[in-house]
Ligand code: SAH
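Before any questions on binding or motion, here is one chain by itself as C-alpha cells, the form predicted on its own.
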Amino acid sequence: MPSVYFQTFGCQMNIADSDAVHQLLAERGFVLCDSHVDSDLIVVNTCSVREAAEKRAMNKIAEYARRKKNRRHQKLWVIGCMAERLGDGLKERIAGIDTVIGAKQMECIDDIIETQYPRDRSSPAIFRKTAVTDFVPIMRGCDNYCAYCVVPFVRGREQSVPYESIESTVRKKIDSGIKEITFLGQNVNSYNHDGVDFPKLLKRMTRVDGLERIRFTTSHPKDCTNDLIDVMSSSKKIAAHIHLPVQAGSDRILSLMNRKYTSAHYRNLIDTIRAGVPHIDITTDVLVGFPTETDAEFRETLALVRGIRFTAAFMFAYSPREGTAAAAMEEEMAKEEKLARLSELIATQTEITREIYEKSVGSEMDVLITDRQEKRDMAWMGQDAGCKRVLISCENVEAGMILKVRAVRSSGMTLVAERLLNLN
C-alpha cells in the first residue's frame, strides 16, 4: 500500500484540512506513515499568518526536498495558505516540490487528488480517527480585512457550509466514536446559510444525539451577539469557553487594525458574557508592536489584560504580511522593542493563568477524557467544560467518558483531579 506523511503548520483549520486530505488519500489505499523517510508522499500544509510560520515551513520543505533526491518514487506536495500566497513560485524557490495546492483549492481537493491518484472503488477507506474530539469547518474565508491579516487574501471571501452538510458530517463523526466537535471558521459569528445563523446552528446541533460537547472558534467581538450568549447559557452541551480575540487595548490601534470595535465595547461584551455564563473560560489573541504603537498604548493593552483576566492567550509580536494594509504603514519600532513588549505581556498573562488554575483547586467539574499519557504515571488526560487541561489517575476509564472529578492541585497550566464516585 502507498503511504503518506503529513506535516501541518498553523491553525485548527489547517489541521482540519490535513484530516480531509488524509481521508481522501485513505479512500485511495494510502496508509499513514510516521516517518517522512519511508513515505511515498509527503504533504506539507502551510501557514502564512506570520512570517515566522512561513520560514519554519520553508525550512522543512527544503529539508524534505533535499532528502527526496535519493528517493525517486517519493512525491512532495505543498498545500495551504503559503501555497496559495506564493503559488507555483514555490517550485522555483525549492526544487523538488511536485505539486502546489492553495487554500482556495480545498473546495475541489477531491478532484485534484483524483487526477494523480484515481480512487479504486473496490477498496474500502482505511482511515480511522481514533480521537474522541474532532474539528468541523462550518465556513471558509473572511470578509473582515484586519489590517495585519493575510487570511482574506489566501482563503478568499466568506462562504458558509450548508447546515445539512454540517449535520451530516457531524453524524458521521459521531458514528466513528467522536464525542466532541469544534466548529471552525475565521469568524464563526458570521455564519449564515439560508437564514440559519450561528446561534441557530448551535441550537440545532445541541439536539444531535451522541454529540456530548460542542466548541467553536474563532469569534469576532464585533459580531458576538446576545443570541449567541443566550444559546451558550441554555445548553450544557456547549462548552463554557469562548475564544474572543481582542488584539489591542488602545482604541487608536484598534482603529488602525480595522477591528471595528473599541476597548469599551469589548469590556462590556465580556461583562455580558460572564453574566450569561458565569463560569466561562475566556481566551484571546493579543498583537503587540503594531505600526506606530506607543509605549503608553502598549500599557493600555496590559491594563486590559489585567482587568479582564483571560484564562489563556495567544500572544504575538507584529510582523508585516505582504499585501495587507499594515504592510504599507511605516514601522518605527525595533524588533528588540517588540520582543520586550511581548515578553512583558507573556509574563503578565502567565501569572494570571496560574492564579486562575490555582483558584480552581477544590472545584468539582465534568471532564471529557480524551487520551492517556504514554509516559510518566500514565494518567488519563481530559478537558473540563471550559478550556482547562485536567489529569486524572484512576481505573475503569476509557476515552470518550465524561467523569465528575474534583481538582486537588494545580501545576500552573494543568489541574490534577480525583474521580468522584457513587454520585446520584
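Values in this document were obtained by computation on a predicted structure and should not be read as measured data. Quick note: we count residues from 1 along the sequence shown, nothing fancier.
One more form of this protein should be noted, the form predicted in complex with this ligand, which is absent from this view; the next part is about it.
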statement: The stretch from 166-174, 202-210, 313-321, 224-232 that lies within 4.5 Å of this ligand in the predicted bound form, judged by heavy atoms, is 313-321
query: Even though this ligand is not shown here, does it sit in the predicted bound form so that 3, 28 and 117 each have a heavy atom within 4.5 Å?
result: no
- prompt: residue 331: heavy atom within 4.5 Å of this ligand in the predicted bound form?
  reply: no
task: Evaluate residue 287 for contact with this ligand in the predicted bound form, applying a 4.5 angstroms cut-off between non-hydrogen atoms, and reply yes or no.
output: yes
message: Under a 4.5 Å heavy atom criterion, is residue 149 part of the interface with this ligand in the predicted bound form?
response: yes
- request: Consider residue 245 of the chain shown here, and say whether it contacts this ligand in the predicted bound form, taking contact as heavy atoms within 4.5 Å.
  value: yes
message: Under a 4.5 angstroms heavy atom criterion, identify the one residue in 74, 186, 250, 182 near this ligand in the predicted bound form.
response: 186
message: Under a 4.5 angstroms heavy atom criterion, identify the one residue in 65, 49, 391, 399 near this ligand in the predicted bound form.
response: 49
query: Which residues within 253-280 place at least one heavy atom within 4.5 Å of this ligand in the predicted bound form?
result: 259
